[in-house]
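Single chain ahead, by itself, as structure tokens, in the form predicted on its own.
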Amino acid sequence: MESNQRDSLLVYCSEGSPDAFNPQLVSSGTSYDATAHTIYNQLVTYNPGTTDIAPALAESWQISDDGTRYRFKLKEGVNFHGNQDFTPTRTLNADDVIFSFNRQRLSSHPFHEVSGGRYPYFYSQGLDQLILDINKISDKEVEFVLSRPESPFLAILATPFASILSAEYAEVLQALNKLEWLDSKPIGTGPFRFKRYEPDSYIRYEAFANYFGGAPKIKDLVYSITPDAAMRFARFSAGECDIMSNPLPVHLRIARQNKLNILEVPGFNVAYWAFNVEKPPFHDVKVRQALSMAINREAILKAVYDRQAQIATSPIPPSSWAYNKQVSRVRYNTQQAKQLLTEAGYENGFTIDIWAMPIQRTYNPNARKMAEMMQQDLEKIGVKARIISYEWGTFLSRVAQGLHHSVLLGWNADNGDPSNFLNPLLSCASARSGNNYAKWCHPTFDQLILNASQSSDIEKRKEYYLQAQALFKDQAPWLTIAHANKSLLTQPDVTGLVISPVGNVEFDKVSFDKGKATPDEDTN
């Protein structure tokens, strides 16, 4: 292959297959990476490398004095992609924004039930109750009407679920009676156009020459799906990947020893062990506290994370402005754990299940190993633990149904607001919609995070969040385990790649400094 052709192809070795090509339908980081910032755009975004809100499809916005109306002015001349079934006849307008949100919020919408009809992020954030209406002011102006003030609303609109789809494409698919193609043959406004997906093998994209933000510098982008981390690192070391996602701690150590390029930011994430409070004995707070004390997290940090993470005391990472420094860390104390179990009436112990996620994530590079270490710790207090796992899609589906006893999972924030941790993971709404895997619904906690969302005074918001974290700690629906750094490995000639603090990986500004070898198409 000629040098200029090699320079036009970028291979990203990713950790898994997307669950869908529409970020409205999913909540996994792998799916978001493959869609939200590649194929689509949102009304607002972040300045590169920060959590500062910036214009995206909206060039400006106004918020009413009472905080319940958000009016957005859309950019002119934003083009949609096309494919063999669809050639757009117009640029972005208010109809596309209204379609994208009404599809999620209105059960009567013709696309609401398509592709399963689940919108985990939309409902776990309580947006079905928050958004009263969306009005078309003109072709280029749209207004959201809220049921109450919601300070994080702009940050919420910067998250992947808020990607804007084409209403015109949807009309074409209705005429073809192929509504599900909206989610499997995606059309967006993003820097790359979807070309082909071979499940569990690769995704191919091509640069969108008419991208409103300027055509990407690379012409072709390949997600080479390589779930096995050791294989991913081997492929990166052999030069088959330009960028490797989610390197294990051991790979980072090797990379540092060999002076390879590491792109790293403090992770806006948390790994946790959630107790399903709807199932005994986890309905008893003393049991939850006892099991939390029984786990040696220092040992986990060393063995699982190679010390490239920090112990989590709160669901919110320390880099957040709402982090509660006063909440004390759960101390590893086997004797006190036994005492609490005795007080709860479980002096003879019991048997539980620990569901361990089957895949690697930044926040948890090896859930199986973590579960095995916890199993040994629990044995010391008379609790027997069975480790259970399923294929990733089945795993998520079953925990969302509440079939688990306890589960090791985690969260990469989608935006920089503290509500992004507490609302989708621990609110009563998220317990109903499935993202709250502890199924923990505490009215006082719920009111605190609601008060924080409704206030526009940041000091008041902070105080509410501090109280919420203290209550969470007392009630112990999770054992918080770690906050891990977000890392990528890149070849020396890759430039222009920026990881956002919330983990977004964006390729539209990426280029090569010089020619490089290109993996054969058949290897993808």
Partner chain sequence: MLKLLIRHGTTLLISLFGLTLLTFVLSQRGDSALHIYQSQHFMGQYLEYLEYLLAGDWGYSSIHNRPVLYDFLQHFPATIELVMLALLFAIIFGLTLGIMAANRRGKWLDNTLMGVTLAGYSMPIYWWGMLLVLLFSLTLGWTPVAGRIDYIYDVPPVTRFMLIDSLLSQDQYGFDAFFNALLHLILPAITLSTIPMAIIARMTRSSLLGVLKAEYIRTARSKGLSQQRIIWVHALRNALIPILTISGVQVSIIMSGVIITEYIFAWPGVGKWLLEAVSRRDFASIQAGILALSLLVIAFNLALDLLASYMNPRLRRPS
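These numbers were taken from a predicted model, which means no experiment stands behind them. Positions refer to the first chain, counted from 1.
If you look for the form predicted in complex with the partner chain, you will not find it shown, but the lines that follow are about it.
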Run the contact test on 76, 93 and 213 with a 4.5 Å heavy atom cut-off to the partner chain in the predicted complex and return yes or no. no
Taking the shortest heavy atom distance, is residue 336 within 4.5 Å of the partner chain in the predicted complex? no
With a 4.5 Å heavy atom cut-off, would you call residue 118 a contact of the partner chain in the predicted complex? yes
Within a 4.5 Å heavy atom cut-off, is residue 145 in contact with the partner chain in the predicted complex? no
Closest heavy atom of residue 141 to the partner chain in the predicted complex, within 4.5 Å or not? no
Interface residue in the predicted complex among 100, 125, 226, 269, criterion: non-hydrogen atom within 4.5 angstroms of the partner chain: 226
Since exactly one of 306, 379, 278, 198 fits, which has a heavy atom within 4.5 Å of the partner chain in the predicted complex? 198
With the partner removed from view, which of 160-168, 78-86, 190-198, 404-412 is the stretch that lies within 4.5 Å of the partner chain in the predicted complex, judged by heavy atom distances? 190-198
Of the residues spanning 203-241, the ones with some heavy atom within 4.5 Å of the partner chain in the predicted complex are 204, 222, 224, 225, 226, 227, 228, 230, 231, 234, 235, 237, 238, 240
